[in-house]
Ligand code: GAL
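Coming up is one lone chain in structure tokens, specifically the form predicted on its own.
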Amino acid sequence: MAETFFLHGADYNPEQWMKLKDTVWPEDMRRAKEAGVNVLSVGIFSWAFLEPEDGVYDFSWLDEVMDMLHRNGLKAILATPSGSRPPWMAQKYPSVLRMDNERKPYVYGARHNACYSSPDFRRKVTEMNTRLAQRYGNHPALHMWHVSNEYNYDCHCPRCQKAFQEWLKQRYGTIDNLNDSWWNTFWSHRFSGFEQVESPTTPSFLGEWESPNHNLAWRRFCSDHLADFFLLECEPLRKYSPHIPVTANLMHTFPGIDYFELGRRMDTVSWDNYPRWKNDERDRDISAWTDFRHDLMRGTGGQKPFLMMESCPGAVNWDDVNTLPPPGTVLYQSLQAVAHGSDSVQYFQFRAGRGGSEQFHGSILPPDGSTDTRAFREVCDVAAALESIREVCGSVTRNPVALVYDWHVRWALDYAWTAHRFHQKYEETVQSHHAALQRAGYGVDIIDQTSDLSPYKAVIAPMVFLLREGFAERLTAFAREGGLVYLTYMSGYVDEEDLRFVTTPPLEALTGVRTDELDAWDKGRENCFLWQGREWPIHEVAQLCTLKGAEALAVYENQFYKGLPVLTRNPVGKGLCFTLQARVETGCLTAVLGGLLQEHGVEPLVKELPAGVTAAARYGADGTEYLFLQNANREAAVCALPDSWVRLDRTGTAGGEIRLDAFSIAVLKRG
């Protein structure tokens, strides 16, 4: 959602201070304005105050809060409270409680554990959201709907079992189709009716846990069921306030939900960003992981600007070791989000609570409301920085390189009985490719297998183990029209139902190689290959293949498969397909991908970046280019620039080269 100004704010829990509201609330408004805060997220965990008893509602306090925000020139991101229901609901309606994979019911406690099949919970959520939408849909403070909080789902109760069976009927039509799709003749597991199919019990051994097809279907059902619940929550919001956009805060690579499918149901994607900074050389890798997750979250929203709904202005309190980030880190992680497409910087939380599990979590204000703290000063610095680059807000990315990350592939690999069981490192492998592309100077769009490929010059698709319907064909057509395709080991092994192919695998014509065998190693094994005059080490996985039209650019140097292809190239129409048959370090990927892309006319944003420095770009509606140079080193760096740029974050121009302060981000506009 394009904004004329960046949203800068925090989660705000005024109901926690209800008994001190006459002093605390006005003070909070003054402090928010002092800090340059222009938006506060409210109502996220407010159900017990909004409905203290079943059917007894009290919105008077929220009326005060909304009016107070408006009087003080602040916007509200108003949440639906389904992320945490009050105790009376579990007591009166036990159906709202989830059941675990061992078929044991939860007791009341914690949060994010409601059953989305519960008719009572669905009814209560609809009633609450309808009342919120009717009451506040046209309130002048309302800026956006924040639906629930950090959704998750995995319930094995009888209602969810029934919903799973109905989902299976819709997907497969007949029980024979299901049996064939899951290869259930194996171990005599053929079902004679859908009512016999239960959810898998992984990681318990009580029931079915070994069928990869069965497990994959359950993951798909859970994701679809949650997406359906999201739409149920949105229905009254969109009915009574169609002009107000809807978001839900995501959790980067959370495995349980296909965020691409959920993101397509939102008006704007938002996510909660909590890098675990260490204040040493490890922060370069942590910064790279965060870049990857920002780009992934932007991708789930179709490459539109997203919102960073939460971040921490200090140390978190939930990690095993809660390291205090050094000065400047809050500004770095804030501008990092903007660099990768965020139109907001928001924090958890505004004023810290006195108790509860998050009482020592970083916040803008401590419980006493004092402002003579480093956290408050650094939030003020972020506000000033966002104002200095205000014109960037609403701009978009236009990256020529797409990187494929697909939740269905991840699920299939999670249950794959091959290579490194339970440790296939799909996420790590895709992130390593992302880091390599960034090191080579490229901005990256992350897509899934259903995304449009036409905006790109190159598609990088590591470990596409499972091929969703039509993806191989679209990837081949992309290459034929002049695109560059890159694939790796463990690609194209199974179809959408997780079954191996009985005909020629769909990727063989594209790659020009036939996959023969797969070798997985422990830490005691190694291999290497020579490319561009350098020896590159290989670790953990090596795939053996036969050339079927492709040429070998490099071969294995050791083991019994010495001389077999490890890096291949295959002409496809006007384009090319490359394959890398083994797992390598990020440095090797940087050399390989950077070389291949530049050789075939895909230019980076900046060439020859110093170690630890990356680049990202956004583009305004008028074509104005904004360049972000990120120095993730804890010391200064110097970066060469191809032409003249204006620094938005400080006065002056930058041409020829630019000095980047330690752990900082420079924001430039093409001069």
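On a predicted model such as this, the values are computed, not experimentally measured, just so you know. Note that residue numbering begins at 1 and tracks the sequence as displayed.
Below, we refer to the form predicted together with beta-D-galactopyranose, which is not included among the displayed structures.
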Among 210, 358, 198, 391, just one has a heavy atom within 4.5 Å of beta-D-galactopyranose in the predicted complex, namely 358
Answer key, beta-D-galactopyranose contact in the predicted complex at 4.5 Å (heavy atoms) among 425, 171, 111, 278: the residue is 111
Exactly one listed stretch (147 to 155, 323 to 331, 188 to 196, 494 to 502) reaches within 4.5 angstroms of beta-D-galactopyranose in the predicted complex by non-hydrogen atoms, and it is 147 to 155
Item checked: Contact test, all of 272, 310 and 318, partner beta-D-galactopyranose in the predicted complex, heavy atom 4.5 Å -> yes
Item checked: residue 249 within 4.5 Å of beta-D-galactopyranose in the predicted complex, heavy atoms -> yes
field: 4.5 angstroms heavy atom contact with beta-D-galactopyranose in the predicted complex for residue 45
entry: yes
*Are any of the heavy atoms in residue 348 no more than 4.5 Å from a heavy atom of beta-D-galactopyranose in the predicted complex?*
yes
